[in-house]
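To begin, one chain is listed below as structure tokens, in the form predicted alone.
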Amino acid sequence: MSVNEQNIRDIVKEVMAKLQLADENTGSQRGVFSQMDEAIAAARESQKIIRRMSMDQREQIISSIRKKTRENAEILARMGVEETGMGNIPHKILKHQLVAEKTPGTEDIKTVAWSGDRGLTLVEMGPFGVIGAITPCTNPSETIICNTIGMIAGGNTVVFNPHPAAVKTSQFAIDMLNRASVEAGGPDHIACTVAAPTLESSNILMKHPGIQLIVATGGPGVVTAVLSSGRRGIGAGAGNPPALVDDTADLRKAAEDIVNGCTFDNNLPCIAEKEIVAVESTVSELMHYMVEEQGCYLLSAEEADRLASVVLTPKGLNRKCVGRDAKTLLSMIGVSVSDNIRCITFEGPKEHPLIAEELMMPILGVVRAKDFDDAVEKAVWLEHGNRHSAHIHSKNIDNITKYAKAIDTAILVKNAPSYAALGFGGEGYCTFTIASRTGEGLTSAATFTKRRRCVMSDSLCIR
């Protein structure tokens, strides 16, 4: 998709001016309140309406959300990059289009029935009520829109506590969602938030008696807090997805797929390839294709050490490096490269900090394995038991099966870029909340519902 840079720049200036005004008068944005209690109260009133709406009426709201997301994809993409400094605009546009087109709606809400000699039993999906959601700065508007579509489909409303580093982008998305609902004949305040989200507002959200379910998308700290809240929690935590390459793989295609997945939105998606574990016989050829054909810069050992000292601090990741492109990262260590360089690679042990740590940067360390079993062992170690995502490039079904059982992740992509897991170049639906820690996996509308059994004994059996 082409982007008219001047038009978008003008639009964004107008939007940012409106958002600046909204800081002074939160009433100018739909769904933005000064206090968390007010936001939850408004969402509760709207949920009383949503839960009484038919599936067709909810789907009309969702269709309106999809339309507005497509219309605002470029604005949301640019706002996200400008506010957070992470990712890149063309890929964020694609992510918003993916959310609009492939996030499940009411079709995901299904009834299960048993009919027999003793009558009829139904299991139906009902709403939790008001859901509390904590969202990250890496995919702020994408996560908010995706979550809201699924939650509304299930008859819920939602109150967000977005990451403070993406507050303006998040509030713009929430305002857009409410306008979409109103235009489709639905209530205002289907999605709400506070003007200044903080740790304190997050704590209020998690402990409020009006919140029945908490959905957290972010790092391990926020997921742990949610699971300690005393509420039902869905936790989408960290990952460090390894890409395993065995000696049966199409190495040219593997190099292309892995680098494409790693560099998508500058490696911000939690499912993206973070490191490679390759069987020894494939390493030289694989890295040749990565460097010569896929725009990877090969670090020397000394450069790798310098880069590690920049992107990692004693307190963890250097936030100024997260989601930055390869050229920017290399410039931080005094290495000048052309715009064609889109990824950074080197070979190192699995314990190397640029390999063992989840970086969310287009850096692909390559770990050499003596054979397939050794590669599996190293990949499992690097995934750190997150059970999130992993990838493999192989034509050997037995190897794929063995790896799948050993790695035991919510997502396993075979012979494709990581983003195929989200329906982009692969089958299946899209989500930006992958609940590996609490076991739900790729969340959808059905995830945000309660199961209710209705039994009619000795009746309605007409066989």
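The numbering used is simple: start at 1 and walk along the sequence shown. All of these numbers come straight from a predicted model, not from anything done at the bench.
Unshown form predicted in complex with nicotinamide-adenine-dinucleotide; subsequent notes refer to it.
The stretch in contact with nicotinamide-adenine-dinucleotide in the predicted bound form, judged by heavy atoms within 4.5 Å, is 216 to 224, chosen from 216 to 224, 120 to 128, 102 to 110, 340 to 348. Shown alone here, Ile434 lies within 4.5 Å of nicotinamide-adenine-dinucleotide in the predicted bound form, counting heavy atoms only. Proximity of Ser202 to nicotinamide-adenine-dinucleotide in the predicted bound form: non-hydrogen atoms within 4.5 Å are present. Looking at Pro187, you'd find every heavy atom of it more than 4.5 angstroms from nicotinamide-adenine-dinucleotide in the predicted bound form.
For the chain shown alone, Glu383 is not a contact residue for nicotinamide-adenine-dinucleotide in the predicted bound form, no non-hydrogen atom being within 4.5 angstroms.
Only one of the listed residues (Asp175, Glu74, Asp325, Glu358) places a non-hydrogen atom within 4.5 angstroms of nicotinamide-adenine-dinucleotide in the predicted bound form, and that residue is Glu358.
Between the options Arg319, Arg231, His352, Arg387, the residue in contact with nicotinamide-adenine-dinucleotide in the predicted bound form by a heavy atom within 4.5 angstroms is Arg319. At a distance of at most 4.5 angstroms from nicotinamide-adenine-dinucleotide in the predicted bound form, none of the three residues Gly85, Gln171 and Thr193 contributes a non-hydrogen atom.
Although nicotinamide-adenine-dinucleotide is not shown here, in the predicted bound form the stretch 115 to 142 places heavy atoms of Ile134, Thr135, Pro136, Cys137, Thr138, Asn139 within 4.5 Å of it, in sequence order.
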